[in-house]
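Listed next as structure tokens is one chain, alone, in the form predicted on its own.
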């Protein structure tokens, strides 16, 4: 059974184990095998940035020729692309968040029964029920199984894609606001208008090597059409103050704190590593899990991951890190900043999603007290996200030229 330890060391060990076989990824990646040893299984650590995308790509290029690992490198950049696309069109996220409670509350009896059966793995569809149970048990699913699952959920069971995305987001350890939401939109035919993904019994049988074989006619043969109003594009988003990286380091005598959150947990590497922080805060906002829709396993894993990041930050910066659960994190960070006599607080700017909502609330609380919130960004993001406004392959071609 797949297991994940929420530490950077465990993520590095998982990647080191897979790296020698990475050249075979392209030929084997679509097979959904027990144990999933044919894929890297590092997505939970990548999503929390306990492993950095740049580290993974650099290690691949050090050990393999580019043609051998191009497909795997593409997969690393997909997560960045999804984040950038959502930054350009944040309403895709806000529409989804609004839709989930509304759709849950308005399910009729028949649809509610189908929804409950799907979440419990009691549909009778070969493969689908196993994947539902695997997701809840392990917090992980192979990417190909995710696509089949989403297709069956939408087109066979005729359930709202938004509720399927919520089911994944509740249980996935690598649950990412951008990757999860936009991948479900893609299967439904919304991300690339009219282009749906329809699961086929023969494809499932082939790539599970006969372990899962849906009965003839059990799966939908036609994808129903799903439409939406066009998504507005954020205007001049790259010039937004949230994305302005301070060009100067803190002045002499300036007391600066660091907010550590679960979207970037290796602050001792990269753009913030050389900054001298007076104090670091890695407190856990207790309300966030319920607001985001995370299940107990995801909440526990995320809290432990923050703890691991806090320990490494404490060692790196040589300061005591504030930890523990807090009901009101903005109020906590304000009290902490005052206690530490901070002039400003820095953080890697969270992406569109629940951590950004928390970050903006923190910014408002600090700002009202005259304490500046300085948002930083990794060079990886500042270089790549502006180019994610259209389809993936124009984005990839630009990346590939740089590589």
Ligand SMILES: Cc1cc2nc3c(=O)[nH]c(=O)nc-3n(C[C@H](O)[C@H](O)[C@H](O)COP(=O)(O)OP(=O)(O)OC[C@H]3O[C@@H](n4cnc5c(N)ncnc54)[C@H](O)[C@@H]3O)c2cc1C
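Remember, it's a predicted structure, so these values are computed and weren't measured experimentally. Residue numbers count along the first chain shown, from 1.
One more form of this protein, predicted together with the ligand, exists but is not displayed; see below.
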{"query": "Answer range among 203 to 211, 315 to 323, 109 to 117, 79 to 87 for contact with the ligand, defined in the model of the complex as heavy atoms within 4.5 Å", "finding": "79 to 87"}
{"query": "Non-hydrogen atom within 4.5 angstroms of the ligand in the model of the complex for each of 356, 372 and 375", "finding": "no"}
{"query": "Non-hydrogen atom contact residue 263 with the ligand in the model of the complex at 4.5 angstroms", "finding": "no"}
{"query": "Any non-hydrogen atom of residue 134 within 4.5 angstroms of the ligand in the model of the complex", "finding": "no"}
{"query": "Residue 170, heavy atom within 4.5 angstroms of the ligand in the model of the complex", "finding": "no"}
{"query": "Exercise: residue 196 in contact with the ligand in the model of the complex, heavy atom 4.5 Å", "finding": "no"}
{"query": "362, 69, 347, 39 - the one with a heavy atom within 4.5 Å of the ligand in the model of the complex", "finding": "39"}
{"query": "Contacting member of 283, 219, 147, 256, with respect to the ligand in the model of the complex [4.5 Å, heavy atom]", "finding": "147"}
{"query": "Contacts with the ligand in the model of the complex - residues in 174 to 202 whose heavy atoms fall within 4.5 Å", "finding": "174, 175, 176, 179, 180, 183, 184"}
